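Let's start with one chain on its own, the form predicted on its own, as C-alpha coordinates.
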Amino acid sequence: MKKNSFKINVYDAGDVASISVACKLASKTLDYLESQVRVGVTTKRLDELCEKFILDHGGIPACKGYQGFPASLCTSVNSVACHGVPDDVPLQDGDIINLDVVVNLNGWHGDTSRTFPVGTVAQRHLDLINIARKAMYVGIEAIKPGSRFNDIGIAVSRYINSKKGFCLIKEFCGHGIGRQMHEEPLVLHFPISKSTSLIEPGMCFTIEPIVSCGSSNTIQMKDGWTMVTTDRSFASQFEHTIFIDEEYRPNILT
(Lines give C-alpha, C1' and ligand atoms only; values in the text may rest on other atoms or scores of the structure.)
Protein backbone atom coordinates (compact mmCIF):
# COMPACT_ATOMS: atom_id res chain seq x y z
CA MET A 1 0.00 0.00 0.00
CA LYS A 2 1.15 3.53 -0.77
CA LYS A 3 -0.45 6.99 -0.86
CA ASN A 4 -0.88 9.40 -3.75
CA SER A 5 -0.37 13.17 -3.56
CA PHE A 6 -3.91 13.64 -2.17
CA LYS A 7 -3.10 11.15 0.65
CA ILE A 8 -5.37 8.52 -0.88
CA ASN A 9 -4.37 4.91 -0.24
CA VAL A 10 -3.32 2.98 -3.33
CA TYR A 11 -3.49 -0.77 -2.71
CA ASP A 12 -1.48 -3.58 -4.29
CA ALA A 13 -2.87 -6.83 -5.69
CA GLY A 14 -2.55 -8.73 -2.41
CA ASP A 15 -4.38 -6.00 -0.51
CA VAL A 16 -7.17 -5.90 -3.06
CA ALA A 17 -7.61 -9.67 -2.89
CA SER A 18 -8.23 -9.31 0.84
CA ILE A 19 -10.61 -6.38 0.37
CA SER A 20 -12.49 -8.40 -2.26
CA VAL A 21 -13.15 -11.24 0.18
CA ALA A 22 -14.59 -8.79 2.72
CA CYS A 23 -16.72 -7.22 0.00
CA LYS A 24 -18.06 -10.59 -1.09
CA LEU A 25 -19.15 -11.34 2.45
CA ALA A 26 -20.87 -7.93 2.70
CA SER A 27 -22.73 -8.65 -0.55
CA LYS A 28 -23.71 -12.15 0.58
CA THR A 29 -25.01 -10.69 3.82
CA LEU A 30 -27.28 -8.32 1.88
CA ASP A 31 -28.46 -11.19 -0.34
CA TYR A 32 -29.44 -13.09 2.79
CA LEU A 33 -31.14 -10.10 4.42
CA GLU A 34 -33.15 -9.40 1.25
CA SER A 35 -34.84 -12.78 1.74
CA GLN A 36 -35.85 -11.69 5.25
CA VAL A 37 -37.40 -8.33 4.34
CA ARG A 38 -41.16 -8.65 4.59
CA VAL A 39 -44.24 -7.05 6.14
CA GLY A 40 -44.21 -7.57 9.91
CA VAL A 41 -40.48 -8.08 10.46
CA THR A 42 -38.78 -5.55 12.72
CA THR A 43 -35.55 -3.80 11.85
CA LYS A 44 -34.13 -5.04 15.15
CA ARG A 45 -34.73 -8.60 13.96
CA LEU A 46 -32.96 -7.82 10.68
CA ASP A 47 -30.06 -6.45 12.68
CA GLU A 48 -29.87 -9.66 14.74
CA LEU A 49 -29.88 -11.77 11.59
CA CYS A 50 -27.20 -9.58 10.02
CA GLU A 51 -24.87 -9.87 12.99
CA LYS A 52 -25.26 -13.64 13.21
CA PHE A 53 -24.69 -14.13 9.48
CA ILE A 54 -21.48 -12.08 9.49
CA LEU A 55 -20.11 -13.74 12.62
CA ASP A 56 -21.00 -17.22 11.33
CA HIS A 57 -18.94 -16.47 8.20
CA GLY A 58 -15.86 -15.36 10.11
CA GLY A 59 -16.36 -11.62 9.89
CA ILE A 60 -17.07 -8.77 12.26
CA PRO A 61 -19.99 -6.33 11.79
CA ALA A 62 -17.95 -3.14 11.46
CA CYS A 63 -20.82 -0.74 12.17
CA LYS A 64 -21.42 -2.05 15.68
CA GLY A 65 -19.74 0.29 18.12
CA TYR A 66 -18.32 2.52 15.38
CA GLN A 67 -18.27 5.97 16.97
CA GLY A 68 -20.92 4.58 19.33
CA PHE A 69 -23.36 3.23 16.72
CA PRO A 70 -25.48 0.68 18.63
CA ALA A 71 -26.18 -1.92 15.91
CA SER A 72 -24.58 -4.13 13.26
CA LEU A 73 -26.80 -2.83 10.48
CA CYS A 74 -28.09 0.58 9.38
CA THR A 75 -31.83 0.26 8.66
CA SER A 76 -33.23 3.35 6.93
CA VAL A 77 -36.99 3.17 6.44
CA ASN A 78 -39.04 5.52 4.22
CA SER A 79 -38.05 9.11 5.09
CA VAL A 80 -34.81 8.02 6.78
CA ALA A 81 -32.03 9.06 4.40
CA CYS A 82 -29.30 7.11 6.19
CA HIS A 83 -27.91 5.84 9.50
CA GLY A 84 -31.23 4.47 10.71
CA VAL A 85 -30.99 2.66 14.05
CA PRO A 86 -32.85 -0.69 14.23
CA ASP A 87 -35.91 -0.77 16.48
CA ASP A 88 -38.99 -2.85 17.36
CA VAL A 89 -41.36 -1.22 14.84
CA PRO A 90 -42.59 -3.82 12.29
CA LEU A 91 -42.24 -3.04 8.60
CA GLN A 92 -45.55 -2.22 6.92
CA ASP A 93 -46.95 -2.79 3.47
CA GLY A 94 -45.76 0.05 1.22
CA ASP A 95 -42.56 0.80 3.14
CA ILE A 96 -39.14 0.95 1.56
CA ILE A 97 -35.99 0.13 3.51
CA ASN A 98 -32.30 0.64 2.90
CA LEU A 99 -29.97 -1.88 4.51
CA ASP A 100 -26.35 -0.77 4.83
CA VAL A 101 -23.79 -3.46 5.69
CA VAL A 102 -20.10 -3.02 6.50
CA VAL A 103 -17.99 -6.13 7.10
CA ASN A 104 -14.55 -6.33 8.72
CA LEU A 105 -12.87 -9.56 7.60
CA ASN A 106 -9.30 -10.11 8.75
CA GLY A 107 -8.79 -6.39 9.12
CA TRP A 108 -10.17 -5.44 5.70
CA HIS A 109 -13.51 -3.78 5.00
CA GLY A 110 -16.34 -4.18 2.51
CA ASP A 111 -19.29 -1.77 2.37
CA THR A 112 -22.55 -2.00 0.44
CA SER A 113 -26.20 -1.03 0.68
CA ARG A 114 -29.44 -1.51 -1.22
CA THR A 115 -33.01 -0.27 -0.90
CA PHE A 116 -35.81 -2.85 -0.90
CA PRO A 117 -39.59 -2.47 -1.33
CA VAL A 118 -41.81 -3.98 1.35
CA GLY A 119 -45.02 -5.51 0.05
CA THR A 120 -46.94 -3.40 -2.46
CA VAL A 121 -45.17 -0.07 -2.90
CA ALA A 122 -46.45 3.11 -4.58
CA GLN A 123 -45.14 3.63 -8.12
CA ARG A 124 -43.47 6.91 -7.18
CA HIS A 125 -41.44 5.13 -4.54
CA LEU A 126 -40.56 2.30 -6.92
CA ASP A 127 -39.37 4.99 -9.33
CA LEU A 128 -37.31 6.49 -6.51
CA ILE A 129 -35.61 3.15 -5.87
CA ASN A 130 -34.84 2.69 -9.55
CA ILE A 131 -33.45 6.22 -9.91
CA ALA A 132 -31.20 5.80 -6.86
CA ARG A 133 -29.88 2.49 -8.21
CA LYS A 134 -29.24 3.97 -11.64
CA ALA A 135 -27.56 7.03 -10.13
CA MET A 136 -24.99 4.78 -8.46
CA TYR A 137 -24.24 3.01 -11.73
CA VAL A 138 -24.03 6.31 -13.60
CA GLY A 139 -21.31 7.32 -11.13
CA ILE A 140 -19.44 4.06 -11.67
CA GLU A 141 -19.71 4.33 -15.46
CA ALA A 142 -18.23 7.85 -15.36
CA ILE A 143 -14.84 6.41 -14.40
CA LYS A 144 -12.48 6.30 -17.39
CA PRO A 145 -8.72 6.70 -17.91
CA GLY A 146 -7.91 10.28 -16.93
CA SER A 147 -11.05 10.73 -14.81
CA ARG A 148 -11.01 12.74 -11.62
CA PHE A 149 -13.32 12.20 -8.67
CA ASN A 150 -15.22 15.32 -9.73
CA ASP A 151 -16.33 13.47 -12.87
CA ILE A 152 -18.35 11.11 -10.66
CA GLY A 153 -20.17 14.05 -9.10
CA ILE A 154 -20.81 15.66 -12.47
CA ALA A 155 -22.33 12.48 -13.90
CA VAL A 156 -24.48 11.60 -10.89
CA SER A 157 -25.77 15.14 -10.44
CA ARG A 158 -26.61 15.52 -14.12
CA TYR A 159 -28.57 12.26 -14.10
CA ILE A 160 -30.58 13.02 -10.97
CA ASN A 161 -31.28 16.57 -12.11
CA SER A 162 -32.84 15.12 -15.26
CA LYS A 163 -35.49 13.36 -13.15
CA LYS A 164 -38.29 15.77 -12.37
CA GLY A 165 -39.46 15.61 -8.76
CA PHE A 166 -36.34 13.83 -7.50
CA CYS A 167 -33.20 15.31 -5.97
CA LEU A 168 -29.81 14.41 -4.54
CA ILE A 169 -29.22 14.67 -0.81
CA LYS A 170 -25.79 16.31 -0.81
CA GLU A 171 -24.95 16.02 2.88
CA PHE A 172 -23.56 12.49 2.50
CA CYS A 173 -20.92 11.02 0.25
CA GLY A 174 -18.87 7.99 -0.64
CA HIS A 175 -15.41 7.37 0.77
CA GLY A 176 -12.20 5.47 0.45
CA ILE A 177 -12.13 2.07 2.12
CA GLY A 178 -9.61 -0.64 2.95
CA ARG A 179 -7.93 -1.17 6.31
CA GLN A 180 -10.33 1.45 7.67
CA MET A 181 -14.06 1.73 7.06
CA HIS A 182 -13.66 5.37 6.09
CA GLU A 183 -10.54 6.61 4.33
CA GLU A 184 -9.65 9.41 1.95
CA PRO A 185 -11.08 10.61 -0.37
CA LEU A 186 -14.57 11.90 0.15
CA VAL A 187 -16.44 10.83 -2.99
CA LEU A 188 -18.98 13.58 -3.65
CA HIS A 189 -22.01 12.95 -5.84
CA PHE A 190 -22.13 16.54 -7.08
CA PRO A 191 -19.48 18.69 -8.78
CA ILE A 192 -17.22 21.14 -6.97
CA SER A 193 -15.06 23.96 -8.36
CA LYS A 194 -11.70 23.01 -6.82
CA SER A 195 -9.40 20.35 -8.22
CA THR A 196 -9.90 16.74 -7.18
CA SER A 197 -7.54 13.79 -7.44
CA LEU A 198 -7.09 11.68 -10.52
CA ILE A 199 -8.68 8.26 -10.12
CA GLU A 200 -5.71 5.89 -10.16
CA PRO A 201 -5.20 2.13 -10.30
CA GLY A 202 -5.21 0.55 -6.84
CA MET A 203 -7.75 2.92 -5.32
CA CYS A 204 -10.76 1.48 -3.46
CA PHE A 205 -13.77 3.60 -2.65
CA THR A 206 -17.55 3.62 -2.44
CA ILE A 207 -20.14 5.35 -4.60
CA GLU A 208 -23.43 5.76 -2.70
CA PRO A 209 -25.79 8.57 -3.73
CA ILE A 210 -28.94 9.18 -1.69
CA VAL A 211 -31.97 10.35 -3.66
CA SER A 212 -35.15 11.94 -2.29
CA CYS A 213 -38.55 12.41 -3.91
CA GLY A 214 -39.04 15.61 -1.92
CA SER A 215 -36.66 17.69 0.16
CA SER A 216 -32.91 17.54 -0.36
CA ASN A 217 -32.33 18.50 3.29
CA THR A 218 -32.19 16.29 6.37
CA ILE A 219 -32.33 16.64 10.13
CA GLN A 220 -30.88 14.40 12.81
CA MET A 221 -33.18 12.62 15.24
CA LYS A 222 -32.68 12.51 19.01
CA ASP A 223 -30.80 9.21 18.85
CA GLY A 224 -27.87 11.13 17.36
CA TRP A 225 -27.74 8.95 14.24
CA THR A 226 -30.97 8.72 12.26
CA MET A 227 -31.12 11.30 9.47
CA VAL A 228 -34.59 12.03 8.03
CA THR A 229 -35.73 14.29 5.21
CA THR A 230 -37.09 17.57 6.50
CA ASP A 231 -40.44 17.11 4.73
CA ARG A 232 -40.55 13.37 5.53
CA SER A 233 -40.44 12.45 1.85
CA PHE A 234 -39.05 9.00 1.06
CA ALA A 235 -35.35 8.53 0.29
CA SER A 236 -33.40 5.71 -1.32
CA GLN A 237 -29.73 4.77 -1.50
CA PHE A 238 -27.54 2.18 -3.22
CA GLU A 239 -23.85 1.61 -2.59
CA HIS A 240 -21.03 -0.42 -4.07
CA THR A 241 -17.36 -0.69 -3.17
CA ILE A 242 -15.21 -0.10 -6.27
CA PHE A 243 -11.61 -1.05 -7.11
CA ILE A 244 -9.70 0.62 -9.96
CA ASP A 245 -7.62 -1.88 -11.94
CA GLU A 246 -4.42 -1.32 -13.95
CA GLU A 247 -6.43 -0.34 -17.03
CA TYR A 248 -8.31 2.32 -15.03
CA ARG A 249 -11.51 0.27 -15.12
CA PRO A 250 -13.89 0.31 -12.14
CA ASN A 251 -14.43 -3.18 -10.72
CA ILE A 252 -17.46 -3.67 -8.49
CA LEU A 253 -16.31 -5.71 -5.47
CA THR A 254 -19.70 -5.89 -3.77
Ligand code: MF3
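The numbering used is simple: start at 1 and walk along the sequence shown. Note that the structure is predicted; figures quoted are calculated from it, not measured.
This next part talks about the form predicted together with this ligand, which is not shown.
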**Complete:** Of 170, 158, 182, 133, the only residue with a heavy atom within 4.5 Å of this ligand in the predicted complex is 182
**Prompt:** in the predicted complex, do 69, 111 and 175 all put a heavy atom within 4.5 Å of this ligand?
**Reply:** yes
**Message:** The chain here is shown without this ligand. Which stretch in 69-77, 161-169, 134-142, 87-95 comes within 4.5 angstroms of it in the predicted complex, by heavy atom distance?
**Reply:** 69-77
**Request:** State yes or no: in the predicted complex, is some non-hydrogen atom of residue 125 no more than 4.5 angstroms from a non-hydrogen atom of this ligand?
**Result:** no
**Prompt:** Hey, in the predicted complex, is residue 32 touching this ligand, heavy atoms inside 4.5 Å?
**Reply:** no
**Asked** Looking in the predicted complex, any heavy atom of residue 228 within 4.5 Å of this ligand?
**Response** no
**Request:** Decide whether residue 187 counts as a contact residue for this ligand in the predicted complex under a heavy atom distance cut-off of 4.5 Å.
**Result:** no
**Complete:** Across 95-130, the residues having a non-hydrogen atom within 4.5 Å of this ligand in the predicted complex turn out to be 100, 102, 111
